[in-house]
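In structure tokens, the next block holds one chain alone, the form predicted alone.
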Amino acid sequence: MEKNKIVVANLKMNMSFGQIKTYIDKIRTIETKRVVFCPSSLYIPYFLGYNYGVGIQQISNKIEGAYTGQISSKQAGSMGLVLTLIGHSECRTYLKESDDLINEKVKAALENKLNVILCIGETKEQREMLKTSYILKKQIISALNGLSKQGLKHVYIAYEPVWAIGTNKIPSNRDIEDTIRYIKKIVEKHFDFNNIPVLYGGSINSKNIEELNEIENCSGFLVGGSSLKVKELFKIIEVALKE
């Protein structure tokens, strides 16, 4: 079993300001940087100053300038944020983020000393057409194109099968292990970089975390809906981070 796993809580576009204040009161007891919260950018300042990590859900590919509504990696890094999500399926789908744009965002983040969680995953249709390997390979190679080995040291890959997000349907442990092994081999073959850390994400909850935590080659979890329920999240953290 992997040691030093991390748990990343993607709160997405949820909770009002009052709810956020209540939420922070409940999580402020967390005493490890191996737990990272990614709230809506509007609320990031309220999460700072505690002993957990704080990341950002989305960054621009631009460093600064006249880009109304966007947030740069330079700005995020200057606040002391530790990581950014890039390439989440919701951004690929709803914001039409291309592979080239995702690559630009990865480079911008690393340039400004942000760790990157690169999200990849196949849709239900792609899985049924036996295209999972092709899709993952394409997403990985395009996103990491041009990165140095030093840059790759600051990248996690999060495998999130799109069909599993919020559906309570997840692959078997064996399927996840095989996919993580495949992801690592792709990075090793095309970038000469060994053992890149890979997280799993998609319908993680307190009921399945014990089983998921048995996956041998998994470096942690990217948690979506369950991160909004503090008791659920605490159970996931307790199981995932136990040595």
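Quick caveat: nothing in here was measured; it's all calculated off a predicted structure. The first residue of the sequence shown is number 1, and the count goes up from there.
We do not show the form predicted in complex with a small molecule, though everything after this point is about it.
- Note on contacts: among Val187, Val36, Cys218, Ile204, the single residue with a heavy atom within 4.5 Å of the small molecule in the predicted complex is Ile204.
- Residue in contact with the small molecule in the predicted complex (any heavy atom within 4.5 Å), chosen from Val155, Ile102, Leu114, Ala164: Ala164.
- Looking at Glu160, you'd find a heavy atom of it within 4.5 angstroms of the small molecule in the predicted complex.
- Put simply, Lys12 is close to the small molecule in the predicted complex: some heavy atom of it is within 4.5 Å.
- The small molecule in the predicted complex is approached by Glu90, whose closest heavy atom lies within 4.5 angstroms of it.
- Within this chain, Leu233 is remote from the site of the small molecule in the predicted complex, having no heavy atom within 4.5 Å.
- Note that among 165 to 173, 123 to 131, 92 to 100, 139 to 147, the stretch whose heavy atoms approach the small molecule to within 4.5 Å in the predicted complex is 165 to 173.
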